[in-house]
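Below you will find one chain, with nothing else, as structure tokens; this is the form predicted alone, and questions on how it binds or moves follow later.
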């Protein structure tokens, strides 16, 4: 009796693995800020949400993505709801991409990811600049965008293998 309950908990943990990783990454503010490298940052959350929303949307419920965005806003001191808006926009873009692509391939996903985060960073910059009058360094946005796009293939490969384990 206890064994079936344990396997049920384990199967739920396996199923919700990506959202657990996203929550941990947002709460820890996954970045290399502790090592103090100059001009190095990437957005792990964007990569994770894009991949899992595109490849297996059942494992990343929209409500949980929204809540992870709220946690991210609190941890990073952004206006409440901005990260949630970005995360949900990624979900919307991936839903559109899933519907229009007949044969998915890595290069198409990578280019669509680039376009998506270009649009997201532009919207983010405009919202923070116009509505909240925050001074934002454009070079930091460009560097973050560049490293996020560069690291996308690595995490795509890691998540592809993780997806085989979790399913």
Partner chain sequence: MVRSRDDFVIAFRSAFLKKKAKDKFSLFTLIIASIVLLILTNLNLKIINNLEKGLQDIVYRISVVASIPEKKIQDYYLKAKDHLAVYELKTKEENLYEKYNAEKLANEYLISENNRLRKIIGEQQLSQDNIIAKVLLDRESPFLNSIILNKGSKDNIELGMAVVDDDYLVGKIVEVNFLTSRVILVTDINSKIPGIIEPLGIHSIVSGSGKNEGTVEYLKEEYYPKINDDLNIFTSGIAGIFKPGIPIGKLKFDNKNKIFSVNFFSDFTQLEYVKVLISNKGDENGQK
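As the structure is a computational prediction, the values presented were derived from the model and not from experiment. Residue numbers count along the first chain shown, from 1.
As for the form predicted in complex with the partner chain, it is not shown, yet the points below apply to it.
Residue contact with the partner chain in the predicted complex: residue 138 places no heavy atom within 4.5 Å of it. The partner chain is not drawn, but in the predicted complex it has no heavy atom within 4.5 Å of residue 105.
Interface membership of residue 60, defined by any non-hydrogen atom within 4.5 Å of the partner chain in the predicted complex, is confirmed.
In the predicted complex, residue 66 approaches the partner chain with a heavy atom inside 4.5 Å.
Only one of 119, 142, 134, 27 comes within 4.5 Å of the partner chain in the predicted complex through a heavy atom, and that residue is 27.
For the three marked residues, 41, 51 and 113, no heavy atom of any sits within 4.5 Å of the partner chain in the predicted complex. Contacts between stretch 68-87 and the partner chain, counted in the predicted complex as any heavy atom lying within 4.5 Å, involve 70, 71, 74, 75, 79, 80, 81, 82, 84, 85, listed in sequence order.
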